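Here you get one chain, nothing else, as structure tokens; it is the form predicted alone.
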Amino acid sequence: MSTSSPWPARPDTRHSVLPFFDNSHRQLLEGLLPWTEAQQVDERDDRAACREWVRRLGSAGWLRYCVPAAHGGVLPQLDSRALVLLRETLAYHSPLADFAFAMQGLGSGAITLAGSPAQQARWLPGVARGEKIAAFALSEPEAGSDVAAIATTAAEVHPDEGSGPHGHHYRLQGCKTWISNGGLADFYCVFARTGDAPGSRGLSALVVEADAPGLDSSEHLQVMAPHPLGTLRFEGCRVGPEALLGAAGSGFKLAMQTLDIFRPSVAGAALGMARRALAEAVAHARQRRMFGATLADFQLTQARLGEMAALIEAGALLTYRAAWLRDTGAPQAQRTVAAATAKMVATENAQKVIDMALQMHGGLGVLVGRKVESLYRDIRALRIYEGATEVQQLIIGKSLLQG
């Protein structure tokens, strides 16, 4: 890990006895906790570190939770509760490890949901073993939260339309940006416009290999926390007809279904970071001496720690409920609102908790190399990606007005 200070005690796992979870989830934690504690990865180069985390997660079998059992996974189908627990535990120790795990699931999720047997057999086993790095290419310079505004096109070209020696194929033109694993992935699930239908109805999903002719993924984006991001430029990029995922025009629905599965797990990652910040704050309060006492002796400190714990638990219950509703087959509308509520509350509360932990550390809190300093940078993106807080508010508000 990149932290320079001794780790606090192992994270509290008493939440695993809640009725949202079963014995398989508790057994997962029993194996995951000691494994994560044993890992030491140099994260100064986020791209090299991400590759290493994917390799380790694959070798240890944890990436098998990102795909169904038919293609090398542990469980018959994707399990949101398992994803939440995995991301919460990984994020407690290393947000970059959490990122590497999450992108294997999100980047291949559309293949799991809509891929043909041949597509699933080609890509998913490699994802589960950590041999193939996946990416989800949705956002564009003018289409982030507004997915219906996607402008990238994938024109279908037939041999009798001047395609020359290439035969029947799709020709992609456009730009994707803010793409996690951009320039690092072995393949991208790309959402592009394949028809003339307006808005979201003309979107389709295609699997594009990293070495596809006409794809330039060389532009990397530097952000405030370790996070491999890039821009993809498609200049007449050719892919065969077998690249299409599901039916043409079903891309928007597929993107939303994929996000619905993984949105509760974003909340899980936020919980892991918040729990680590609280653990760091407790450890610091116990050893920091001032005015003849420890910081922990002051009632103001005790009250602040209590507030932090309550904020975490509020987000946790909403997160576990959202994952449970998805896994138990609740109606789609209920699952969507629950996921939006969990993502909004858990990420916003985690930001507050980490800020409080940093404040409690005083000047040490902003010292580069301190865990609370890196958490302060790591948490910020979670309030934006996979639907910013404002988008979640709209989802919740619209559901209320629709009655």
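What you see is a predicted model, and the numbers here were worked out from it, not measured in a lab. In case it trips you up, residue 1 is the first one in the sequence shown, and so on.
Not pictured, yet referred to below: the form predicted together with coenzyme a persulfide (COS).
Q) According to a 4.5 angstroms non-hydrogen atom cut-off, is D260 in contact with coenzyme a persulfide (COS) in the model of the complex? A) Contact check for D260: yes, within 4.5 Å of coenzyme a persulfide (COS) in the model of the complex.
Q) With the cut-off set at 4.5 Å between non-hydrogen atoms, does W324 touch coenzyme a persulfide (COS) in the model of the complex? A) Judged by the heavy-atom cut-off of 4.5 Å, W324 is well away from coenzyme a persulfide (COS) in the model of the complex.
Q: Verify the contact flag for V391: yes if a non-hydrogen atom of it lies within 4.5 Å of a non-hydrogen atom of coenzyme a persulfide (COS) in the model of the complex, no if not.
A: Yes, V391 is a contact residue.
**Q.** Contact test in the model of the complex: G246 vs coenzyme a persulfide (COS), heavy atoms, 4.5 Å
**A.** No - in the model of the complex, heavy atoms of G246 and coenzyme a persulfide (COS) never come within 4.5 Å of each other.
Q. Which among 93-101, 290-298, 115-123, 198-206 is in contact with coenzyme a persulfide (COS) in the model of the complex, heavy atoms within 4.5 angstroms?
A. Single hit among the candidates: 198-206.
Q. Which of these residues, Q332, T328, S218, Q222, gets a heavy atom within 4.5 Å of coenzyme a persulfide (COS) in the model of the complex?
A. The residue from Q332, T328, S218, Q222 that makes the contact is Q332.
Q.
Under the 4.5 Å heavy atom criterion, name the residues of 123-147 that approach coenzyme a persulfide (COS) in the model of the complex, in sequence order.
A. Heavy-atom contacts to coenzyme a persulfide (COS) in the model of the complex: F136, L138, S139, G144, S145, V147.
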